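Consider the single chain below, provided in structure tokens and representing the form predicted on its own.
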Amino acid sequence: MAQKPMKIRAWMDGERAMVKAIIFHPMETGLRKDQKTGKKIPEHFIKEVICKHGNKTVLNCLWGTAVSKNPFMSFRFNGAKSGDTVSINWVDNQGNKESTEAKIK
């Protein structure tokens, strides 16, 4: 079975929602060389990550080549309650897109 593109967990921490997620992505800078061929590995990185609670954007990240492979993110926000849904969407420089959501526990 193939690995999911993202894992996300969300829970209430007092009056704030806590979200932790890992995005499985190679995040290539375009500067590394393939050890077998000697050719540069093309850039392949996440450009934008949007995190929403319902229809409201709670976090918008603009990333580039400096972010490591399989980036982990963690954030908190106000205004949520147990049972609400939080979603994370991303797009990379090659046009690939993924999204996932989780219920806040």
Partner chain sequence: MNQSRRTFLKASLAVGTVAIAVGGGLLAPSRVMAAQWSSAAFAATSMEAALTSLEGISKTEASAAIKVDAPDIAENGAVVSIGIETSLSGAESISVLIPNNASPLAAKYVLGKDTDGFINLRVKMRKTSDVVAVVKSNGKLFSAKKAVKVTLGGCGG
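Positions refer to the first chain, counted from 1. Bear in mind that the values here come from a model prediction, so they are computed numbers and not experimental data.
If you look for the form predicted together with the partner chain, you will not find it shown, but the lines that follow are about it.
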property: The partner chain contact at Gly95 in the predicted complex, heavy atom, 4.5 Å; result: yes
property: Touches the partner chain in the predicted complex: Gly54 (any heavy atom, 4.5 Å); result: no
property: Met18 within 4.5 Å of the partner chain in the predicted complex, heavy atoms; result: yes
property: In the predicted complex, Val91 touching the partner chain (heavy atom, 4.5 Å); result: yes
property: Within 4.5 Å of the partner chain in the predicted complex: residues from 57 to 89 (heavy atom criterion); result: Thr57, Val58, Leu59, Asn60, Cys61, Leu62, Trp63, Gly64, Thr65, Ala66, Val67, Ser68, Lys69, Phe72, Met73, Ser74, Phe75, Arg76, Phe77, Asn78
